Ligand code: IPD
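In structure tokens, one chain follows: the form predicted on its own.
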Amino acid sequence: MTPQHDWFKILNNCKNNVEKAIKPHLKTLNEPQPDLGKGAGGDAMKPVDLAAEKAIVDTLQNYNVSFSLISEESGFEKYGNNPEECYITIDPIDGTTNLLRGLPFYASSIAVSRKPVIVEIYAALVADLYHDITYIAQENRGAYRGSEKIKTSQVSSLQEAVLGMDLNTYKVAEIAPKLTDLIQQTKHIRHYGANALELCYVANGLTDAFVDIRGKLRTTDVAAGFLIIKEAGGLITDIHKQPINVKLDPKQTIEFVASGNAKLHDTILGLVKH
């Protein structure tokens, strides 16, 4: 049973409080950052990441939400009298490197699920923290950019499509050959460095597809975008066109192709080597 909370209101308040919490840290980005060790997902933690995480947790507690936290920073934590009531999967700051370098593309990602698996997500938010834009979705209620309902692109030609692709991996010599045919036939390839937000660009029709087959991206990054893509009318599958149903876990990795429409999706999958 899905807990009865006003998730649009709660998640928007999480976003507002994250913005307030990280504001002081934005003034000290040029100063040496303390070594806080590695988070549960394996990346180095920064003060701004922990400030964003605390803002999300505090907001949920202020709304008396009982939940199990699945965080890229702190890992697994339980809050409230009934922590199995829902699972909150977060990447407090997706695109920390961009933020620290002053690049205007980073986000906060929050997904709410009945169980700790990706297909059980029923509410989600990705907040573009630089441009103050909120992408939000609830199961069977559509996806929104702010208050405006959004739909994925119907561009189906690779010659016209803008395609996001992440090749950031030490295994690039292994991964790149699988994508050579796709790259050769695609005219416009982009990568901005915050994959949660890149999925929202597909949902919003700003880009037409996003491909990540590195086996490196964690479910904490993609959880919220997964629902937002689907509610906007897009598709997200593995490279064999099979549905994705993986654990929500900071160490669980994922490979996927997300597209605005079925024709483009099939074209992309037909060019990816297995």
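For every residue, the number given is its place in the sequence shown, counted from 1. The structure displayed is predicted, hence computed values, not measured ones.
Although not depicted, the form predicted in complex with the ligand is the subject of the following passage.
* Residue (of 185, 157, 168, 154) lying close to the ligand in the predicted bound form, criterion heavy atoms within 4.5 Å -> It is 168 that has a heavy atom within 4.5 Å of the partner.
* To do: Would you kindly say which of 121, 110, 194, 143 lies with a heavy atom within 4.5 Å of the ligand in the predicted bound form?
  => Here the answer is residue option 194.
* Asked: Just one of 30 to 38, 229 to 237, 208 to 216, 242 to 250 has heavy atoms within 4.5 Å of the ligand in the predicted bound form; which?
  -> Comparing against the ligand in the predicted bound form, the contact stretch is 208 to 216.
* Distance check, residue 137 to the ligand in the predicted bound form, heavy atom within 4.5 Å -> Taking the distances in the predicted bound form, the answer for residue 137 is no, it never comes within 4.5 Å of the ligand.
* Look up in the predicted bound form whether residue 43 has a non-hydrogen atom within 4.5 angstroms of the ligand, and give yes or no. => Residue 43 belongs to the contact set for the ligand.
* Asked: Is there any non-hydrogen atom of residue 53 lying within 4.5 Å of the ligand in the predicted bound form?
  -> Residue-level check for residue 53: no, no contact with the ligand.
* residue 74 within 4.5 Å of the ligand in the predicted bound form, heavy atoms -> It does not: once the ligand is placed as it appears in the predicted bound form, residue 74 has no heavy atom within 4.5 Å of it.
* Can you tell me which residues in 63 to 97 come within 4.5 angstroms of the ligand in the predicted bound form, by heavy atoms? -> Counting only heavy atoms within 4.5 Å of the ligand in the predicted bound form, the contacting residues of 63 to 97 are 72, 91, 93, 94, 95, 96.
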